[in-house]
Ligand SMILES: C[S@@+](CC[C@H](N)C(=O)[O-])C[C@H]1O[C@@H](n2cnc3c(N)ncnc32)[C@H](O)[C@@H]1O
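Take a look at this single chain, the form predicted on its own, given in structure tokens.
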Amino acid sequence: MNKFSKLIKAIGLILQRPALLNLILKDEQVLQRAFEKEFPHLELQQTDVFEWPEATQLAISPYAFLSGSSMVTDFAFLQLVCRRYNVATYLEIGTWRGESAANVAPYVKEVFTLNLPDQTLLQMGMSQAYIASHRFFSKDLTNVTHLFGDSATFDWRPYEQKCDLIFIDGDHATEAVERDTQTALRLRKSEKSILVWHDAKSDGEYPRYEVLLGIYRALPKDLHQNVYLVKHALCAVYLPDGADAAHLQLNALPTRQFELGLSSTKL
């Protein structure tokens, strides 16, 4: 089949199923070109938080090793930030099983975590098992408050200018990341507050431009210089005081190795 025939077939498939067009528009190469066109002078920078003195004898608990979770190093990073910057009030958008909330809860005064209401998830066609998994690890923690709503329409006024760290892990579409980042800017307690985005990388090394477009579009340009991808994790972070960093280099030789001790408890 030649290229012209493939093009005609592709157009026919898109006409039959318009949603297929989203696969093209969300292709990483397409998004990367859009990012480079919109931010032609911006070079992605990466910081290695595991060089911090706090990065010793880390204990990640709970961790379920189930679908939709973060990497172990993401939870370690959140703990490190909370400890290093004495975070008191932590707020996250996107609860899922409550693993991130549970992992930071011992290191902060209070945690607020927002997720869609169970009834909304049910109306979306989600299974009872999927719905029941939400908040599993965080529901009984005394310093964790569960909030319910859509981050696009939730009344954020009680939390504005109250948060030391805002973790954005909701809808990862560019427009949603941009909107949630704009919200997070209003939630900051001060200019020293920290912003963290999950899934800013597609794996421990490669950037995810769908998310990065939303981040950089939402942030004022004078804050761009203090946004970093987190080495060995899926996160990006805004650190107001800056950090040691280097330009992102893909497929570089490893400069660090980790040793993990594994134990489990039957629930």
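Throughout, we count residues from 1 along the sequence that is shown. Please read all numbers here as calculations on a predicted model, not as lab measurements.
From this point on, the text means the form predicted in complex with the ligand, which you will not see here.
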Self-check item: Contact of W197 with the ligand in the predicted bound form (heavy atom, 4.5 Å)
Solution: no
Practice problem: Considering only heavy atoms, tell me if S70 and the ligand come within 4.5 Å of each other in the predicted bound form. | Solution: yes
Quiz prompt | the ligand contact in the predicted bound form: D150, any heavy atom under 4.5 Å | solution = yes
Quiz item: Applying a 4.5 Å heavy atom distance criterion, does L114 contact the ligand in the predicted bound form?
Solution: yes
Quiz item: Counting only non-hydrogen atoms, which stretch in 81-89, 158-166, 97-105, 181-189 is within 4.5 Å of the ligand in the predicted bound form?
Solution: 97-105
Practice problem: Could you list which residues of 161-177 come within 4.5 Å of the ligand in the predicted bound form, counting heavy atoms only? | Solution: F167, D169, G170, D171, H172
